[in-house]
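The chain that follows stands alone, in the form predicted on its own, written as structure tokens.
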Amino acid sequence: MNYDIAIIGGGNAALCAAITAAEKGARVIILEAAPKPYRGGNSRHTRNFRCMHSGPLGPLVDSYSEAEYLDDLLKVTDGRTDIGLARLAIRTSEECLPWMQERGVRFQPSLSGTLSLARTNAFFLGGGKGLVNAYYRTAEKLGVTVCYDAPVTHLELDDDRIVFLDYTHEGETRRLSPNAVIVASGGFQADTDWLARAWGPAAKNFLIRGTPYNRGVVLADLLEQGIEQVGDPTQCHAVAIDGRAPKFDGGIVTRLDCVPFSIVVNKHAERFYDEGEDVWPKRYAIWGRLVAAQPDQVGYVIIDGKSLNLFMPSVFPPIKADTLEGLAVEMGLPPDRLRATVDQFNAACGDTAAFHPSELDGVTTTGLEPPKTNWARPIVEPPFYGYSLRTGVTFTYLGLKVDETAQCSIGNRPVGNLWAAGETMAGSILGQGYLAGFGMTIGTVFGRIAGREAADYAN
């Protein structure tokens, strides 16, 4: 069959593009590198979608303005973003939520505790897997062809047009010559050798939270042919996850939300950053890089009995001991040094009457470096609990540069039939840092744009 559009990747951005293009009458094929049970890329591990809204919308309460949304983004990226594309993603997100519902996605009330985001983030019923499955059902009803176990190996660029692409399937190399191509195949994080070239040997200690199929093959192929790139190879969405997580595909359940109510130390039992800097959904993503900078790329969370139920339960139970020294032994930390660090922290804590676990409470330390500026309560009530932390990479920010129509370019010329959406172009907006649920916003907005533009071109 001759296809109008070939979409590389099988996650949220790819599916939004496929559905949009098919609804405009285009003949679409999705080439998904993963087998069917693992389809969906990193999207199957997601939980929510960050959405601007001027009033209550679906499961979202109150309002979340463009100005506040953009301010939240600028804080986590330290201004490293394309403002035009960022505003486009933010503004368009409001119309995306009803669009998603109309195509089978269902939502639920937001979670409580440190993930309470009822005003800003819409949570998927059934998580990311529920969203992915809903989109695949919709795409198949629209006549979209889906080919699993079909990694794309090469796109042939001739002047300013993709003339064919090669992929492997069932042990054979196959070739397609579609009218248009949309790249939605994610970053390169599953290629740990590439990570090590960017980060150095420390990257070998990183864990990959998402799919092992995002190896950056198509990204590298296009960059080698001169397609414009964006982003820094050392920048990524990296969080501190449970050190017992698997090397690949542990998913979102390996994330730990206990840091605001803890102290975090390195292997020498020394604190290295303010654990109470901001509410967790705005600052959780900095901790992957913080842990990456510590010896052996590992950190350790220390809490006491009064804090155990303040955050989402962990998938692996915490390490437990009746004394701090006993906990240190269990975790491989120097007991005397951990005791000294905790004693110093406890002495710096003041009045805790204003403690409030779900908002900035100003319960801070005094005379301590680094300080803990919120939720600073002495760690004194046994039993004591601990978690090991490692850097968990979700996706990398080096990617394909796009314009407001999601089109790629070479030199100063657009590539006439090539678009990109999702994580593979997110570095245009995420220069550094991360905002909870924003990856899904980028994928949904630019997936729909790419699908629309490619269908118009193909038709």
Partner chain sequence: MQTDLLQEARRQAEICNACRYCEGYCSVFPALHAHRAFTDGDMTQLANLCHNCRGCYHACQYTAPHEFDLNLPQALANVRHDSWEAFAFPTGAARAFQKNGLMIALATVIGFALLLWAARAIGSMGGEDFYAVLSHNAMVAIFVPAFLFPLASVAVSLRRYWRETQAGDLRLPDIVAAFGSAARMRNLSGGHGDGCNFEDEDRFTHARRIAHQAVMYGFLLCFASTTSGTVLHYAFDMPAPYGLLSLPKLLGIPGGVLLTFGCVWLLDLKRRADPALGATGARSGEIAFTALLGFVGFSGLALYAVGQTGMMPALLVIHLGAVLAFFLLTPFTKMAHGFYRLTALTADAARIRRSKAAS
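No experiment lies behind these values; they were computed from the predicted model shown. Positions refer to the first chain, counted from 1. The term rigid core refers to the maximal set of C-alpha atoms that superpose within 1.5 Å between the two forms.
Absent from the display: the form predicted together with its partner chain. The rest refers to it.
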Pick from 370, 334, 126, 383: which has a non-hydrogen atom within 4.5 Å of its partner chain in the predicted bound form? 126
From the list 357, 246, 226, 378, which entry has a heavy atom within 4.5 Å of its partner chain in the predicted bound form? 246
Proximity of residue 366 to its partner chain in the predicted bound form, heavy atoms at 4.5 Å: no
Close approach of residue 311 to its partner chain in the predicted bound form, 4.5 Å, heavy atom: yes
So in the predicted bound form, is its partner chain close enough to residue 391 to count as touching (4.5 Å, heavy atoms)? no
Contact label in the predicted bound form: residue 37 to its partner chain, heavy atom within 4.5 Å: yes
Proximity to its partner chain in the predicted bound form (heavy atom, within 4.5 Å), stretch among 334 to 342, 179 to 187, 200 to 208, 315 to 323: 315 to 323
In sequence order, which positions of 133 to 161 have a non-hydrogen atom within 4.5 Å of its partner chain in the predicted bound form? 133, 137
Relative to the superposed rigid core, does the CA atom of residue 136 travel 2 Å or more between this form and the one not shown? no
Superpose the two forms on their rigid core, then report whether the C-alpha of residue 261 is displaced by 2 angstroms or more between this form and the one not shown. yes
With both forms fitted on the core, give yes or no for whether the Cα of residue 123 moves by 2 angstroms or more between this form and the one not shown. no
